[in-house]
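Listed next as structure tokens is one chain, alone, in the form predicted on its own.
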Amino acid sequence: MALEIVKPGLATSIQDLGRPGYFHLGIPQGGAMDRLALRAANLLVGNPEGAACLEAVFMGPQIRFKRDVSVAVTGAELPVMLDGEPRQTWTSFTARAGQVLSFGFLQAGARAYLAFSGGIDTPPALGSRSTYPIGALGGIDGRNVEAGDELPLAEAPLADEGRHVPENLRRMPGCPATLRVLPGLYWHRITEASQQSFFDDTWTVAAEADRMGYRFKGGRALEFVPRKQPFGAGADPSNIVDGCYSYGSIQVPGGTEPIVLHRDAVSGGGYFTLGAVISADMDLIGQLQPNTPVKFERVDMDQALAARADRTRVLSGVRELLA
């Protein structure tokens, strides 16, 4: 075992790029909420991009090293300390056997990614080490890390110290954050006035914000176009006969508070979805703290594809820099 968890932090879990291919069976892809940050952390320490890391939410863990390891911390700005001495984020450094990694108070963002040379080598479940507690898959016996856990790392050489990802190749949300939305299959279910108000209003991240989804509050309630509810849909106009959800779908139960479905969300249910946050902006949601103001911005498919291409160019820049 190469890592000893002295303190687990608030909600620290093992994550990689997830387990695609099982969504039709109700098992979400899961994996890192901020995939760019996880990929960058792995590249900094010489790992394959999809190697398993630790995802720490709001508060970092305390870790004692049992052997020499290359380390990188990306994503949220959590001050990093090795035996009490500051280390830079988005930069590789070497931790020696016996040293202790710890963190200060969160300064920006919500989720930090801790990569270690070799990658965390716990047993995979359905092809992934990502923790999915609801399904008891991945992680440590299907759960987040706890104090006293010892985590194995695959064998790998140490990476050069001081490898660094500059700020222009990082992506973090602004304030207010802007999330681009592609209206979808049920967009016609709300009135034109509500279609406009959804994008005009400033929303804030609610306290209910986790790996399954982020709830937003503060905007005007949506008005639905009158219709006779189909059999099996229930009386509330936000209900539908069960349908499939895409990753990033925006459901609005009761028409009041939108919920953006994220990595650990289920694949279907009985609420209408007005559209989806585009794939290029889903990483940003994973870095939003409660009470952050958010504006939703309407885009079309061409704009969504252009945004995805821009995000790909950022990732390509990180790859080229750290090749």
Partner chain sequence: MKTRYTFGGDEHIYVEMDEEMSLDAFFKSLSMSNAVREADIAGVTEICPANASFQVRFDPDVISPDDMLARIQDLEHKADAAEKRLATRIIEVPVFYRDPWTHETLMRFRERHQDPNATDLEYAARINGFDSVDAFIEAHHSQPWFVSMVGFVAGLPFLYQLVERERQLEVPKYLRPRTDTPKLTVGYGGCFSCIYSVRGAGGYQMFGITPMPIYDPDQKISYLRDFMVFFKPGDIVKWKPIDHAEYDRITAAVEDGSWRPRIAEVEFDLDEFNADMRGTNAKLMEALDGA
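Numbering follows the first chain given and starts at 1. A quick note: this is a predicted structure, and the numbers were derived from the prediction, not measured.
Another form, the form predicted together with its partner chain, is not on view; read the next lines as being about it.
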Which of 229 to 237, 72 to 80, 94 to 102, 166 to 174 sits within 4.5 Å of its partner chain in the model of the complex, heavy atom basis: 229 to 237
Interface membership of Gly135, its partner chain in the model of the complex, 4.5 Å heavy atom rule: yes
Cys244, heavy atom within 4.5 angstroms of its partner chain in the model of the complex: yes
Interface membership of Pro152, its partner chain in the model of the complex, 4.5 Å heavy atom rule: no
Distance check, Ser279 to its partner chain in the model of the complex, heavy atom within 4.5 Å: yes
Three-residue site Gly21, Leu126 and Leu182 fully in contact with its partner chain in the model of the complex at 4.5 Å by heavy atom: yes
Heavy atom within 4.5 Å of its partner chain in the model of the complex - the one residue of Gly255, Gly270, Pro290, Gly50 that qualifies: Gly270
